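Consider the single chain below, provided in structure tokens and representing the form predicted on its own.
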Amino acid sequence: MKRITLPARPDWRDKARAVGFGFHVMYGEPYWLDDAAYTFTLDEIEKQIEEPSQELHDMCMDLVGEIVGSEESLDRLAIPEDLRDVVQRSWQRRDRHLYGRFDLAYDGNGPAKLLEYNADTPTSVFETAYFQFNWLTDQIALGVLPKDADQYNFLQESLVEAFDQFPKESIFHFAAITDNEEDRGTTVYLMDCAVQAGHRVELLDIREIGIDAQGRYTDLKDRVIDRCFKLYPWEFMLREPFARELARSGDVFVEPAWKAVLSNKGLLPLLWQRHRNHPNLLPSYFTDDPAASTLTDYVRKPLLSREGENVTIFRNGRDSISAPGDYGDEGFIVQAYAPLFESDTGFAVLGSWIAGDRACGLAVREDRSRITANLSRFVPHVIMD
């Protein structure tokens, strides 16, 4: 694994604008880097990223039933007691799921280490599946990259295949906070994948979802919503007033309710309990576990947290760096510290994608901080042996 610089495509901003990628700059800061790349060998991709990601996903899927069947585990994950049956029935029905993204620490030496599983509302899917692939083909055509350069990226076709597994009789609604440019762009891209799979689709703001007299979710035309992709996390949905209707219509949403246990940081100590010393796992504990005190270099993470908020890194037992935020009321876990790939431009974390049940693509984001956050930059990758 290396970081390289190379000439940016002269027309990449026009291309971004043409496909609605307006969030290549966010809050005045560059988000997409066109003049840099991370390089990997094919062996690194296959042995250190793809195979472990597939194994980690299989391990997670094998653990879901045990978690949802245990009141103690659901307590640990702070799943609201009055809505646990929504989560449990979702798993018992095997409600179909779409995608997820592992965040991995990997510096080119030794096994990749799982940092967390963004199994509910992962973003950067458009950048990974579409824009970085266009970057690769353009850079090869321009002669900047060799003709045999490749990319670990069959995310788009895997998403289309995953959408194809959903029934097509009804409109497939897509809901997000539509005045957020990144959320809207991500959702519209996924709608396009669903269309390629043969679905009729409709976009609406998640705040526009209504409820009819029978307690069914409806759109702005008062049509009953039978299936709805939502770019909105379950930890929020389970704590809002309209959640009382989930008992009746809990099977509507994608991702399904059982993903609430995989997108929870409490998954990490539960995985460690079952697969202690697995090469791709880090020692992880709930904070009241006596074993937590054995860690001297570790990261404290809220059970429910996004974009690195309220994450604190401890080195030699002392607070080293922390990120602000509004999370933490539900509790924390601690996880052994794992170094990220480091270069002159900062630290890089790998995002390894799962679509359906298949490992299928890679995203790389970098930041000056060791804590990856909302504005961490997306850098394309290339395979060159």
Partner chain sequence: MRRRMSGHRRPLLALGTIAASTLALSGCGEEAPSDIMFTSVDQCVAAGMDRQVCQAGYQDAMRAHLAAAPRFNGMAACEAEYGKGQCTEQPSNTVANNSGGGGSFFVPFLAGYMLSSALNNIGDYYDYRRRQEQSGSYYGSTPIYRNRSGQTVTTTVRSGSDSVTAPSRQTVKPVNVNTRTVARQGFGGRSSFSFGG
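Numbering follows the first chain given and starts at 1. Just so we're clear, the structure is a prediction, and the values are computed from it rather than from any experiment.
Just so it is clear, the following notes concern the form predicted in complex with its partner chain, a form of the same protein that is not shown.
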Quick check: do Met61, Asp75 and Ala291 each get a heavy atom within 4.5 Å of its partner chain in the predicted bound form?
-> no
Using a 4.5 Å heavy atom cut-off, which stretch among 61-69, 316-324, 42-50, 334-342 contacts its partner chain in the predicted bound form?
-> 42-50
Is there a heavy atom of Leu220 no more than 4.5 Å from a heavy atom of its partner chain in the predicted bound form?
-> yes
Can any non-hydrogen atom of Ile383 be found within 4.5 angstroms of its partner chain in the predicted bound form?
-> yes
May I ask you to state whether Gln156 is within 4.5 Å of its partner chain in the predicted bound form, using heavy atom distances?
-> yes
Please check if Ala149 has a heavy atom lying within 4.5 Å of any heavy atom of its partner chain in the predicted bound form.
-> yes
Can you pick the one in Val299, Ala162, Leu268, Ala129 that has a heavy atom within 4.5 Å of its partner chain in the predicted bound form?
-> Ala129
The listed residue (Val144, Leu282, Leu295, Met191) that reaches within 4.5 Å of its partner chain in the predicted bound form by any heavy atom is Met191
Taking its partner chain in the predicted bound form, which residues of 169-206 have any heavy atom within 4.5 Å of it?
-> Glu169, Ser170, Ile171, His173, Ile177, Asn180, Glu182, Asp183, Arg184, Gly185, Val188, Tyr189, Met191, Asp192, Val195, Gln196, Arg200, Val201, Glu202, Leu203, Ile206
